[in-house]
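Next up is one chain by itself, shown in structure tokens, the form predicted on its own.
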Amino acid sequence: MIETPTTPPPASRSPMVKNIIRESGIAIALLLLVLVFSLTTEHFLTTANVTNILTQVTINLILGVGITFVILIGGIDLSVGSVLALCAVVGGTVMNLPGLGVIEAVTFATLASVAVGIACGMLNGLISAYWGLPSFIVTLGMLNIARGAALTVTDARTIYSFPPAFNAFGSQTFFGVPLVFLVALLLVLVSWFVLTRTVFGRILYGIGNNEEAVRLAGHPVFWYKVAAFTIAGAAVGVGAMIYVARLNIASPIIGVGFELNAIAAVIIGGTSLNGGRGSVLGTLLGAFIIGVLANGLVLLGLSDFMRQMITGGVIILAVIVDKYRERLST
């Protein structure tokens, strides 16, 4: 007897198909935003301004990519802004060590920055996973620890005088595209591959959807959670060095509020705060929405206070839309 294949019901759509549906809607919203600002401002689509937007988006995108891993398992990381400051001052201190050539100084500084980020992220993951504590509370504590450590390491002073070649990297472009943005884009592509083409990535989605089922299937949920936070910390370490290259300073007070912008990019990009749903491509689009919105409002001449209010409203709207978007994509 030959069975006639049947078309699967809409509810059986794969997570990848659902992500494509969500990301298409986000991309349309971004295009509409670009259209509005291109019609209402004079310099929005100029080459210089587009390059400026790409540069401004870079740090938020790098942090957002790392936080995406954490939110996919149902966690949150509020410490990335302070950890970024700690990574930056450690990297800046190492880069200024005497007796190092330019290549050695930049290499050791980058490794030190990423190592500090990994240590902070791993500590967040170990504490929250081992004791079953809300990551909100654990990372809130790390926020204060990292900020205090950054101030202690530098005695509350800003570090200057980095190699000219390193400083130049922060402002170099490749066919009009900032090199720092290309670094962020590379992280997006690598993270996309990990989350969609590896067992590790699928298990992270599984933990966010049904942690107990993943545990009963024999997977070490504890270590996957730790790994997610560790990846977020490593991304912060990379972002810290990019930030230092852009501003040519390493200050213990940088990064205040960065965690909120990064989380906003992830949520606007369609990643669910409950975990198990979303993608880094959505985070890329979400970071662009925040960057384009901020840039366009500046060109319109709005004050800082009004820009904060509008950005906050957009974040709340994104969470509301996310509820409806979930129903449409099932």
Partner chain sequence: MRLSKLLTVSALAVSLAVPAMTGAAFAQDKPVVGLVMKSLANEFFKNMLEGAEAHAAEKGTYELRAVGMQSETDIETQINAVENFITQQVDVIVIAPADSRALIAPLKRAADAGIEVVNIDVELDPQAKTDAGVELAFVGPDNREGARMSGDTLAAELGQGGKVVILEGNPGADNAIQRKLGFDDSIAANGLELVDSRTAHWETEEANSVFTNMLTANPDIQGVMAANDSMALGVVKALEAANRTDIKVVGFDNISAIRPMIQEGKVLATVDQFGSQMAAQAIDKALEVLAGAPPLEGWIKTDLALITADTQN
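Numbering follows the first chain given and starts at 1. In this text, all values refer to a predicted model and were calculated from it rather than measured experimentally.
Keep in mind that the form predicted in complex with its partner chain is not shown, yet the notes after this line are about it.
Its partner chain in the predicted bound form is approached by Y160, whose closest heavy atom lies within 4.5 angstroms of it. Using a 4.5 angstroms threshold between heavy atoms, G176 stays clear of its partner chain in the predicted bound form. In the predicted bound form, its partner chain lies farther than 4.5 Å from every heavy atom of A318. For G132, no non-hydrogen atom is located within 4.5 Å of its partner chain in the predicted bound form, even though that partner is not displayed. Partner proximity in the predicted bound form, defined as non-hydrogen atoms within 4.5 angstroms of its partner chain, places exactly one of 91-99, 104-112, 225-233, 143-151 at the interface: 143-151. Just one of V190, I137, L182, V256 comes within 4.5 Å of its partner chain in the predicted bound form, counting any heavy atom, and that one is V256. With respect to its partner chain in the predicted bound form, the three residues V221, V266 and L284 uniformly fall beyond 4.5 angstroms at the level of their nearest heavy atom. Shown without its partner, the chain has L299, G301, L302, S303, D304, F305, R307, Q308, T311, I315 in segment 299-317 as residues with a non-hydrogen atom within 4.5 angstroms of its partner chain in the predicted bound form.
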